[in-house]
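The data below hold one chain only, encoded as structure tokens and taken in the form predicted on its own.
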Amino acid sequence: MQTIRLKLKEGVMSGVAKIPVIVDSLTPDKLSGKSEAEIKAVKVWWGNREENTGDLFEVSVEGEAGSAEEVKVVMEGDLTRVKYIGAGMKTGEIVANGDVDMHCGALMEGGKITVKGNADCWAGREMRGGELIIEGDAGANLCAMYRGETTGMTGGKVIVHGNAGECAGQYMAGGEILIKGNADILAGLNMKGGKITIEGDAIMPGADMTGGEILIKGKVEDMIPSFKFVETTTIEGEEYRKYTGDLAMTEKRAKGVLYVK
């Protein structure tokens, strides 16, 4: 097992306006096999400039790895303006010790990311595989598609220990999302497949969904009126009302399932 530690230098975020750092080049599969000196030379974007990783991060490498699967990247420091952590990663593990900026785990295909704090908007967007764990809250558009795209998450699993912002799982077509807190308005908007479980409350879930499944263990505010009640069913010892919809998308296309207490 090899551990690569990347600690953002204090001076990077010391200005009045914190300039974002984009780190999609610092994933286990891209750093595997590199020495400490080679990692320091990997390019990252700081605002509109390319910089060496070693100019922005303190870098240390411990242990050895036979493959990228055995590489663990630990990110520390003020990560609130560090974007694209683990974006596109295929294997290995990333741990971010603190709150992170947008697009964490975007287009992720494999491996595991743990955020020991909050994650800003678009975490897990268009995710294809792997596991993303957010120990705090998630911002808007969790596992959704990005602007101009038509499909969000298609595989993998995301666990949010806190609350999630609006439009979680928008255009989701596969995979699984577990939100242990509350979900803001329109979770599962335009959902096509996959499963969303919300252990807290939700507002207008499932609008325009044509497939997939949403299970809400808390209360639902402003239930979408174009869902059709099917039956009462028992899940894990609890009774839920089962609905299909969204009939606003026509009865032929309304193949989504919504479970509400």
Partner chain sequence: MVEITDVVCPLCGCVCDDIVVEVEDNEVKKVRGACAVGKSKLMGHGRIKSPAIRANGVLKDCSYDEAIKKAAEILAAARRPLLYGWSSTVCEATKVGVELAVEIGAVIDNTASVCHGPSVLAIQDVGLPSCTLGEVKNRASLVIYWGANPTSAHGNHMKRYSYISKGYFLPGGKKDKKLVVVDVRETKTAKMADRFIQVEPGKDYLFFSALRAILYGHEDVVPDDVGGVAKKELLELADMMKETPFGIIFFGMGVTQSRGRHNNIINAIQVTRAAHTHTKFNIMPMRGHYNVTGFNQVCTWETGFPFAVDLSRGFAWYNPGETAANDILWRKECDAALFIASDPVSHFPADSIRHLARIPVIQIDPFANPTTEFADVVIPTAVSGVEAEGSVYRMDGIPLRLRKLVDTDYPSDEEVLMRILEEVRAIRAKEGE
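Numbering follows the first chain given and starts at 1. Because the structure is predicted, anything quoted here is derived from the model rather than measured.
Omitted here: the form predicted in complex with the partner chain. The next part is about that form.
**Q** Is Val59 close enough to the partner chain in the predicted bound form to count, meaning some heavy atom within 4.5 Å?
**A** Residue-level check for Val59: no, no contact with the partner chain.
**Q** Tell me, yes or no, whether Arg49 is in contact with the partner chain in the predicted bound form, where a contact means a heavy atom of each within 4.5 Å.
**A** Flag for Arg49 set to yes.
**Q** So in the predicted bound form, does any heavy atom of Ile133 sit within 4.5 Å of the partner chain?
**A** No, Ile133 stays farther than 4.5 Å from the partner chain in the predicted bound form.
**Q** With a 4.5 Å heavy atom cut-off, would you call Leu31 a contact of the partner chain in the predicted bound form?
**A** Leu31 lies outside the contact set for the partner chain.
**Q** Can you say which of 175-183, 91-99, 140-148, 156-164 gets within 4.5 Å of the partner chain in the predicted bound form, counting heavy atoms only?
**A** Of the stretches listed, the one contacting the partner is 140-148.
**Q** At 4.5 Å by heavy atoms, is each residue in Lys83, Ala207 and Ile224 next to the partner chain in the predicted bound form?
**A** Per the other structure, all of Lys83, Ala207 and Ile224 touch the partner chain.
**Q** Within 4.5 Å of the partner chain in the predicted bound form, counting any non-hydrogen atom, which residues from 24-45 show up?
**A** The one in contact is Trp45.
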